[in-house]
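Shown here is one chain on its own, the form predicted alone, set out as structure tokens.
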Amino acid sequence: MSDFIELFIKQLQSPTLGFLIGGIVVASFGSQLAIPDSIYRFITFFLLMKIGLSAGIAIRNSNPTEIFLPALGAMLVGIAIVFIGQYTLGRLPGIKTTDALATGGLFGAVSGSTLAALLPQLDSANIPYEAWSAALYPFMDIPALVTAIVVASVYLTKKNGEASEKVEIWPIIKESLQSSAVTAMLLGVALGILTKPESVYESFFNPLFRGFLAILMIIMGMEAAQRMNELRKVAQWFAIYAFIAPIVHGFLAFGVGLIIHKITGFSIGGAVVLAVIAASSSDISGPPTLRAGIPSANPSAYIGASTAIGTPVAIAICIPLFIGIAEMMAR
């Protein structure tokens, strides 16, 4: 519990949540600060291209024959987490479905910092894992975000008066996949796989990424301040979900990893990697993608739940939990 509290305080000081809170504060005091929409659109495109490029490079550098079944498992788990969010959090009193889907998408996406915290601990515990297992993250991250955006589009279409008519699902899916957010991300993935963009990635996209993300968090914070009344009555549900969900998602993914272990010999350490990336929630790829893809969702709800509570739970509770289970199974 002391580790959790320490990480909780640390996450409140993290750049992602810190700049979001900064935007909320300046907007709450009536500041006239405004960031032009054209700059916002460029920043969003830049961030999503970088996310796609990093995922594509990771996929290209992995072993396609060994990674196929674990990657499929990661994809299915990421999609399942979105629907878990929709049908649990989304059914609680006062929770908007779009907020539940955005939260599910963020928890289905992956935190690179949580993954980075896991791997040294696996090494210290002498638990073997596949060298390419870290490359599983885009297979869970991108399907979860795309699923959240597509399902939200279907829901909003039905809600906005078409419920009495037959709603064609494929045109909605097609429109979602052609949206600027998803297109930029998938373009980055394709370029990362089919070309060798490492030089431009390392010299341009990677150095500027966190600075642009900070600006986006200020924009989202200012928007969140305008919608704070929506959150006050239901904040406790997001807090409860953010504490329980990482553990549930982790066990779901660990079970999938064990099935793959029985079929292919996928290591127990690899199953732990799969469990922890499922337990994690994105503070990098998720916010800009969901802000562009589900603009009606309240960022203070899904980012606050993920960064303030979900990440400490994943690092302080889920990592030692699943490493401990792996050590017991190895005896």
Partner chain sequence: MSQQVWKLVIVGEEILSKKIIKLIKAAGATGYTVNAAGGEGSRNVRSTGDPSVSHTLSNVKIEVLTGTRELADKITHDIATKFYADYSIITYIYQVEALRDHKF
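Residue numbers count along the first chain shown, from 1. For clarity, a rigid core is taken as the largest C-alpha set superposing within 1.5 Å between two forms. The structure displayed is predicted, hence computed values, not measured ones.
The following text describes the form predicted together with its partner chain, which does not appear among the structures shown.
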Heavy atoms within 4.5 Å of its partner chain in the predicted bound form: which stretch in 216 to 224, 139 to 147, 241 to 249, 119 to 127 meets that? 216 to 224
Non-hydrogen atoms within 4.5 angstroms of its partner chain in the predicted bound form: do G78, F83 and V256 all have one? no
Although its partner chain is absent from this view, report whether S54 comes within 4.5 Å of it in the predicted bound form, heavy atoms only. no
Is it the case that F42, even though its partner is missing from this view, gets within 4.5 Å of its partner chain in the predicted bound form, heavy atoms only? no
Answer for I303 alone: is it within 4.5 Å of its partner chain in the predicted bound form, judged on heavy atom distances? yes
Give a yes/no on whether R232 approaches its partner chain to within 4.5 Å in the predicted bound form, heavy atoms considered. no
Which one of S296, S31, T264, N61 is close to its partner chain in the predicted bound form, taking close to mean a heavy atom within 4.5 Å? S296
Let me know the one among I268, A292, M49, I67 whose heavy atoms come within 4.5 Å of its partner chain in the predicted bound form, would you? A292
So which residues in 61 to 77, when you check its partner chain in the predicted bound form, have a heavy atom no farther than 4.5 Å from it? none
Note yes or no: does the Cα of S31 move by 2 Å or more between this form and the one not shown after the core is superposed? yes
Can we say the CA of S267 moves by at least 2 Å between this form and the one not shown when the core is superposed? no
So that I can tell if F68 moves, could you say whether its C-alpha shifts by at least 2 Å between this form and the one not shown after the core superposition? no
Please check whether, in the predicted bound form, the CA atoms of P287 and F42 lie closer or farther apart than here, given a change of 3 Å or more. farther
Closer or farther: how do the Cα atoms of A102 and L33 compare in the predicted bound form versus the shown form, where the change is at least 3 Å? farther
